[in-house]
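Just the one chain here, the form predicted alone, laid out as structure tokens.
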């Protein structure tokens, strides 16, 4: 049976990799991103269709409640039903605490934290009605151990891990599992915030057990596992996908 998934922040980086990875596993998709990423989102959608899968694109900002409700409704309408929600959309603007502004803090929390809550809440009635669902939240290794200039980002991703745990408690009776993936240093446009010079690259290659940086495709397998029935008895978990930087 073909499964249907929503992926937020799907135009590039980890989101794009997840879209192509799930399409390769026979998922039909609803891909979301903000209007500024429209061209890139459409390109990802074309790649998905090139793999023989059905795909709809939906513009919307997960920090806005009405947009989240619209994304959920359009995905259900466009695909017929939704089985999986991948909350991937996120932002990172480096700022040391003494330079951090309330505006950057609030924007980070709005997208990374509140966006996960709002998309989950928007799709929840549909998943409860079907008594089935897989919610996969993309957190970050920053939720375990942040870095300088990332206090706001680490706080937002810690919130995602906490929200994952509590939502799994609330939703389990409806056949809905909720898990998080915590990527480490991944070579994406956002990930390059951690890789500002060759010395930083060498540092992370050294401290990673596999002695290499992560690629967006490295995140796909764990997400696909949580999205599938192979993980039917796994919920409330946060899995580090970091090549062996952090142990918990």
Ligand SMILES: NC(=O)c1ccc[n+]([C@@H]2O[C@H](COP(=O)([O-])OP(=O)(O)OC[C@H]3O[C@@H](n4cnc5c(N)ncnc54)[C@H](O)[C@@H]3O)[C@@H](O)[C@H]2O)c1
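Keep in mind that this is a model prediction, so the values were computed, not measured. Residue numbers count along the first chain shown, from 1.
Missing here is the form predicted together with the ligand; even so, the following discussion is about that form.
- Figure note: of the listed segments 81-89, 171-179, 96-104, 126-134, the one touching the ligand in the predicted complex, with heavy atoms no more than 4.5 Å away, is 81-89.
- At a distance of at most 4.5 angstroms from the ligand in the predicted complex, all three residues 11, 183 and 189 contribute at least one non-hydrogen atom.
- With a 4.5 Å cutoff on heavy atoms, residue 152 does not count as touching the ligand in the predicted complex; it lies far away.
- Interface membership of residue 62, defined by any non-hydrogen atom within 4.5 Å of the ligand in the predicted complex, is confirmed.
- Proximity of residue 37 to the ligand in the predicted complex falls within the 4.5 Å heavy atom cutoff.
- In the predicted complex, residue 111 approaches the ligand with a heavy atom inside 4.5 Å.
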